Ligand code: ADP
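A single chain, nothing else alongside it, follows as structure tokens in the form predicted on its own.
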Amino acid sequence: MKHLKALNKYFWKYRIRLGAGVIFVFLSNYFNVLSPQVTGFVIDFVQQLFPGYTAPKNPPRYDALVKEITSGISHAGYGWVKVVALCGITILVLALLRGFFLFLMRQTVIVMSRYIEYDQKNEIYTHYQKLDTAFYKTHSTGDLMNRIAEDVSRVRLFTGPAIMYLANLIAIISLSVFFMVKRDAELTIYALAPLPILAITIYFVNNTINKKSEQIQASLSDLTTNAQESYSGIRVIKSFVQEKAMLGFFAKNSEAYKKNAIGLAKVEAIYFPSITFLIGLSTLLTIMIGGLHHIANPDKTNLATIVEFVMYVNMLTFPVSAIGLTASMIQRAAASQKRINEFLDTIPSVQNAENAVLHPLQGDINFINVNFTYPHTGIHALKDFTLRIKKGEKVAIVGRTGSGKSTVAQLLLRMYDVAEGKIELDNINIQQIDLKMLREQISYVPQDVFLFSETVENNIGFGLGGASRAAVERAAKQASVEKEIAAFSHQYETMIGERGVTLSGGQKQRISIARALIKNPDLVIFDDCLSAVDARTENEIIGNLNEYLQDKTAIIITHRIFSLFSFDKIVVLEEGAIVEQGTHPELLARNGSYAALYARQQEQESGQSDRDADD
């Protein structure tokens, strides 16, 4: 329960709705418990018409409102038909009043829970966006989705239905027991005796049902994952002729799901008849013991009393049966809120400085003795990395896979903070620059291209709010993708599938490049962004970039060498350390790592040209 204290801020925010909801719960139940008293009055009134009727020595002590109504009817001198009709109308009015306040109760409490759900999801999503890359490396997407979806939904069941049921339970039990004790204290004890047994039984059975339900959810999750992977990897499955093996995996998961589902069905088959039995037992005890009391002492317990008690017991049935459900909701909400609290208490390692500088970047970059180790793997990605890039320079960072090239881009975007050394932009420590402003002024084309399930136009204009069609088309032309877009069915309005599945690898890369170019910043970082395009398109893009990057600082991270691009500096990385740097002619003259890399690339391109000629 202590974990649910985190919700107090929401309850305080919506305290008017919560307070009004509790009042409406009480009023709806108040008008509900008056109906048995009016019914008892009618029965007692009609009994007076039969011979041998004796008035009870202790007249019933009705509620003040019922007394007022029944007193008016009694003293009006109406016949029994009119009395019954008026009492029937009174019960109908009470039912309408109860229904009206039930409506208001749901409009306050349940709507409040929806507002809390909305606020909580926004809070979690906002926190998601504050967390650093290291967090996402160590947490699965499924777990993150569960916290904002499943966990929040379970908490909503507490802030809405559970609170409503709990308030309803307290109100109906207190009011019913109060009036029952006023009418006949001894009969009240007998009538309510089975209800605690019912509540305890329901509580334990509900726990069993919840456990089995969670097992079913886990089995269903495995089954869904199995099916999803099979659909996504169907080409691989068919290529390796593994249809039978995959069917075996699916059948195993399906069998586990079937067993859990049947187990739950068996529990529920016992559960519901047991509830009906205990409720019926309580009603029978009321009638039997009330009848014996009436025979033994008709002055104390009359027929009207028995009817009232039967109605009260039926009123208590649902609230008492909801005890187990409510307790289960609270338990599950506490467990889910604990997971949410753990997540919200996670402090991002990359944070904005307290007096962050709002600095317009000029493009001057200085890495000073930078050392960086990835926290989730322990890989020492950069070692004593020192590099000066002046404003307007075009720098290539080349090296083998795993040499630390992409880490340079990650550090410049402050996806991570350096462990040792420092990075300066325009002679200001990068950690002192406002994080939002820093990233707004850098265009980045990642190695792993990600496109959203949106139109081509919206994907290109993603980093620039309200980009015009002309700006989008200009960026597409600079990225050499405008011809492919023109061939699409709806051109720039064409919807791109999830993660860009409807596009080729080269198209995705070029749309990603266009997305970076449209921002027109002073600092551009390209991280191996031409790996999926052919040589002709690559040369066309490089030609466009030569013109686009005239006055900009550009860092091009690649495992290939662009001989057509005039770099001011080429940096060669090996195992996180700079082994060579200089211009293209200078590095070739040294006949070192860069020259060997260039020679190997030339051989590969020459071999590819020969194969193309043979074809």
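Treat the numbers as computed from the prediction; the structure is a model and nothing was measured. Numbering starts at 1 and runs along the sequence shown.
FYI, the form predicted in complex with the ligand isn't displayed, but the following is about it.
Among heavy atoms of Ser406, some come within 4.5 Å of the ligand in the predicted bound form.
For the chain shown alone, Thr208 is not a contact residue for the ligand in the predicted bound form, no non-hydrogen atom being within 4.5 angstroms. Heavy atoms of Ile379 reach within 4.5 Å of the ligand in the predicted bound form, making it an interface residue. Although the partner is absent from this view, Thr346 stays clear of the ligand in the predicted bound form, with no non-hydrogen atom inside 4.5 angstroms. The partner is absent here, but in the predicted bound form a heavy atom of Gln447, alone among Thr201, Asn314, Ser328, Gln447, sits within 4.5 Å of the ligand. Checked against the ligand in the predicted bound form, the residues Pro360, Gly505, Gly402, Pro273 give one hit for a heavy atom within 4.5 Å, which is Gly402. Residues placing heavy atoms within 4.5 Å of the ligand in the predicted bound form fall in a single listed stretch, namely 371-379, out of 422-430, 371-379, 347-355, 190-198.
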